[in-house]
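There is one chain below, alone, in structure tokens, taken in the form predicted alone.
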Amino acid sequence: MRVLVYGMGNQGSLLAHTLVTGNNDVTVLARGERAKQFREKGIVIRHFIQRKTTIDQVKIITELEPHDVYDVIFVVMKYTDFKSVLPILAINETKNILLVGNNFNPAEMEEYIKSNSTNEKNIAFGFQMSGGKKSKEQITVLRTNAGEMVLGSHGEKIQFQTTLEDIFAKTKYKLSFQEDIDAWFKNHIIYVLPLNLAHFIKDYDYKSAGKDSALLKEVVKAMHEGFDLLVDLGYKNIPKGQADFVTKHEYLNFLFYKLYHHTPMVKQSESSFIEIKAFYDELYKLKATSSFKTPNLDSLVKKAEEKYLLDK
């Protein structure tokens, strides 16, 4: 299959590596120093848990032209970056587009692309279950298996699901199809938002965060509030087991996060404050339609914003 990976951070690089192992015709879109690095050295990935390094050679483009057609375009980037590429995707003639990354408003993104496109578009959404970070020399990824992606579409089955299955058929990568991807995304954001706020409050000093019991208890209570808020707003808790574990076993979660902050894995899941702020801004828009109270989440947001203003 002829595929394009648009967005070559740690997530996009892992996906490109996986697509290469599946014997696909892989092109990546990268610019500046990143494109130069890929041309000279290939896509260099250090697989953190597996303790191995892979190098993949791929085709590289710096712009997506309207007549560049692929079987699927995988757009892999932060939530705050999607908006800038939607017009480019809309005028491109590729039919199948998969937006990969945390996404609070999949329906709005799909509507924009389809309403501004001159050809039929199939839009789907996914989240790659991995972490990592990038440096000038290489990208480090954190994955527990060959890789996994949760996928779904807004309101209907993915129209190109068979194509996606064919693309990954020769890999060990797992595809998990989710009927209500919008609810899944919102639950995932609830799960990661409080901890990322705490990390920002602590200047990404993970040992300090791990020692701050009051802060970690606030994180777990904020997660609990968030899951209950979603239910109050009419969303299902998906996956239900994740929400149940947080809401029914707060102390066990607190102990887990105490231990987690003393492992090297915690450094592989860092998010930018700009993206985290975008998530809670969207969440608070929904929250404004409800009378549900979230004092612990509100406290974390307030402390993070005070820290942000102080840093500026």
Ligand SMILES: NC(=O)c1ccc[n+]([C@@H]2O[C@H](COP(=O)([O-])OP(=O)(O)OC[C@H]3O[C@@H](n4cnc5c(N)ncnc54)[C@H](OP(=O)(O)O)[C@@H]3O)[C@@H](O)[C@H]2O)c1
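We number the residues from 1 along the sequence you see. No experiment lies behind these values; they were computed from the predicted model shown.
Below, we turn to the form predicted together with this ligand, even though it does not appear here.
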Hey, in the predicted bound form, does Lys78 get a heavy atom within 4.5 angstroms of this ligand? yes
Considering non-hydrogen atoms and a 4.5 Å limit, does this ligand approach Asn296 in the predicted bound form? no
Does Leu283 reach this ligand in the predicted bound form, with heavy atoms at most 4.5 Å apart? no
Any of the heavy atoms of Ser117 lying within 4.5 Å of this ligand in the predicted bound form? no
Note: this ligand not shown here; in the predicted bound form, the stretch from 29-37, 66-74, 46-54, 256-264 having heavy atoms within 4.5 Å of it is 29-37
In this chain shown alone, the residue from Asn237, Asn102, Gln178, Asn105 with a heavy atom within 4.5 Å of this ligand in the predicted bound form is Asn102
Could you check which residue among Leu151, Val85, Leu216, Met109 gets a heavy atom within 4.5 Å of this ligand in the predicted bound form? Val85
Looking in the predicted bound form, is this ligand within 4.5 angstroms of a heavy atom from every one of Asn24, Lys95 and Asp166? no
Near this ligand in the predicted bound form, with a heavy atom at 4.5 Å or closer, the residues from 1-39 are Tyr6, Gly7, Met8, Gly9, Asn10, Gln11, Gly12, Leu29, Arg31
